[in-house]
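For reference, the chain that follows is the form predicted alone, supplied as C-alpha cells.
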C-alpha cells in the first residue's frame, strides 16, 4: 500500500489573503463607502502588487457578498437595502436571544462577568466621547454575548453577520442623542441575563435591535451618502 501524499508547506497568509483582509476592514469601517467603485488599477498601485493577487482578493469579497460586479461597469462595495438590513437584524435577534437563553439556562456566571466588563468598556468610551471606540465596544459586547453561550454553531452563524453589522454600526455613529443611551441598552441586556430574566432579556434585545433599525432608517433619509 502506498503511503499518503504529505501535505505541502503553505505560507502563513498569502498576498491575496492580506489584501482581502485589508479591503474587508476598509469596508467594515466605512473607509470604502457603500456603493464605492473599486478600481483594479488604482488598488494594485496602492498595494504595490500586480493585478493577479488583487483580482483574487476582490473575488473573495464577491463570494463573501461584500462586493458585487456590475456588467460593463466593474466592482462596487455592497450597499445594504432596507430588506437586507431588516433581515440582518432579524437573524441577529434569533441568534443573540438563543445565546442569552442558553447562558441563563446553564447559569454561566462567567458570561455575566464578561458582559458587564463589555458594557463598562462602552461606558468608558462614551465618557471620553470616542464614537469609534464606542462602536467597537458595542460590537464586542454582542460577540461576547454569543461566544459566552458555549455553542460553536451559534458562534459561527453570528460571525458571518459581523462584517455587515460593523457596516451598520459605522453608519450609526453619532445617531444617538446621548451615547449613554447606547450603553444603557446593552446594560439592560446584561442585567436581564444576570437576574435570569429570560423574558426581559428577549425584550431588551428586540428593543435594542429595533432602536438600531429606526436610527438606520433615519440616517439613510438624512444622509444618503451614509447609506448601508
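If you superpose the two forms and keep the largest set of C-alpha atoms that fall within 1.5 Å, you have the rigid core. Please read all numbers here as calculations on a predicted model, not as lab measurements. Numbering follows the first chain given and starts at 1.
Same protein, other form: the form predicted together with the DNA, not shown, and the subject of what follows.
Practice task
Please check if residue 64 has a heavy atom lying within 4.5 Å of any heavy atom of the DNA in the predicted complex.
Solution key: Contact with the DNA, no.
Exercise for the section: Please check if residue 45 has a heavy atom lying within 4.5 Å of any heavy atom of the DNA in the predicted complex. Expected result: Looking in the predicted complex, residue contacts with the DNA do not include residue 45, since no heavy atom lies within 4.5 Å.
Problem - Residue contact check: residue 152 to the DNA in the predicted complex, 4.5 Å heavy atom - result: No, no contact at 4.5 Å.
Exercise for the section: With heavy atoms only and a cut-off of 4.5 Å, decide whether residue 56 touches the DNA in the predicted complex. Expected result: So residue 56 counts as contacting the DNA.
Problem - The single option of 184, 49, 162, 26 touching the DNA in the predicted complex, heavy atom within 4.5 Å - result: It is 49 that has a heavy atom within 4.5 Å of the partner.
Exercise for the section: Identify which of 198, 38, 33, 194 has a heavy atom within 4.5 Å of the DNA in the predicted complex; exactly one of them does. Expected result: In short, 38.
Handout entry: Interface stretch in the predicted complex with the DNA - options 87-95, 68-76, 131-139, 152-160, non-hydrogen atom within 4.5 Å
Key = Only one stretch passes the 4.5 Å heavy-atom test: 68-76.
Practice task
Verify the C-alpha shift of residue 19 between this form and the one not shown: is it 2 Å or more after superposing the core?
Solution key: For residue 19, whose C-alpha is compared between this form and the one not shown after core superposition, the shift is 2 Å or more.
Problem - Yes/no, residue 153 Cα shift of 2 Å or more between this form and the one not shown with rigid core fixed - result: No, because once the rigid core is superposed, the C-alpha of residue 153 moves less than 2 Å between this form and the one not shown.
Handout entry: Rigid core superposed: residue 73 CA moves 2 Å or more between this form and the one not shown
Key = It does shift by 2 Å or more.
Problem - Relative Cα spacing, residue 132 and residue 47, in the predicted complex - shift of 3 Å or more - result: Pair moves farther apart in the predicted complex.
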